[in-house]
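Before any questions on how it binds or moves, here is one chain, the form predicted on its own, in structure tokens.
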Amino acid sequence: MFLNSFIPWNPDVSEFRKNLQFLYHCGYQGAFVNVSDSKQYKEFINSEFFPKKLPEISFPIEVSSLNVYKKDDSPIVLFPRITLEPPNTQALKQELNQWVSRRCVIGVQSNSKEILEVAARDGRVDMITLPSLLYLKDLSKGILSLLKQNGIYLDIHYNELITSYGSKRTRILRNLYKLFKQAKPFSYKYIIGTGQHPSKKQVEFLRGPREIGAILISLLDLPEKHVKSILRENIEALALIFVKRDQHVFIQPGVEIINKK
């Protein structure tokens, strides 16, 4: 199942539905919908795109189980995510306390090494991302080591690559190439999504998983099996973490309830 790790929530329901249709035609079967604050979170979970009541699920919980969260008003299955952008580490801890009990996965976005290091150590954080692909070169060995050690996902947003030209695109491709050579995809949990863009026409920057896969293989010299992990297997695993938490069967990594009967 192909899932997009980051599409922005749009309170304009008709426009949001158009974006979902386009995602579906691009080849996605699911996506994580990013909300920026509590207001947007409430809008999304109370919308017709997400089940208000906890769906009934059969054991064992596997990839096919994700579809119980699919609503009739959406062509793809959707899961909520929050991306925190704290100004400092103290604010990060406070925001994590507020969000950890809500029905969403938690991401942290920052170009501060101190904030990213704290986020990479905190078990409440599911993924980290950077505000610009130009900052990828600033991911230190220490941060990358913590991500690997704690099984935290590294979320890459491709919209900047799609919309940039000339020397900026060249620098982005160089940064991505160096990152994948330093932190190899077979040992790090990469996921890829559209990301946020100031344009109101978000649909212009949506790309299908096969198109992104072609970029990773041809321009960044990644083996096809690693691209499959980035585009499908890793994001499926993250979606399953959300479902297991939501169903109250997830205890901690490696410990979960396998049947409630």
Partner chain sequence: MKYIRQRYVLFEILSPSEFEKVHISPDQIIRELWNQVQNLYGQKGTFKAGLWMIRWDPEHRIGIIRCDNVSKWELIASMAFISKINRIPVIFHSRKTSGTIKKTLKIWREIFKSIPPPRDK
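Computed from a prediction, not measured in an experiment: that's the story for all the values here. Positions refer to the first chain, counted from 1.
Not pictured, yet referred to below: the form predicted together with its partner chain.
> Considering only heavy atoms, tell me if H25 and its partner chain come within 4.5 Å of each other in the predicted complex.
The answer is yes: H25 has a heavy atom within 4.5 Å of its partner chain.
> Give a yes or no for Y165: in the predicted complex, does one of its heavy atoms lie within 4.5 Å of a heavy atom belonging to its partner chain?
Yes.
> Check whether K18 has any heavy atom within 4.5 Å of a heavy atom of its partner chain in the predicted complex, and answer yes or no.
Yes, K18 sits close enough to its partner chain in the predicted complex that at least one of its heavy atoms falls within 4.5 Å.
> Hey, in the predicted complex, is I215 touching its partner chain, heavy atoms inside 4.5 Å?
The answer is yes: I215 has a heavy atom within 4.5 Å of its partner chain.
> Looking at R169, K137, R103, K148, which has any heavy atom no more than 4.5 Å from its partner chain in the predicted complex?
Selected residue: R169.
> Only one of R232, R207, H226, K70 has a non-hydrogen atom within 4.5 angstroms of its partner chain in the predicted complex; which is it?
Only one option qualifies, and that one is R207.
> Report the stretch among 215-223, 62-70, 33-41, 48-56 that approaches its partner chain in the predicted complex to within 4.5 Å, counting heavy atoms only.
Of the options, only 215-223 has residues within 4.5 Å of the partner.
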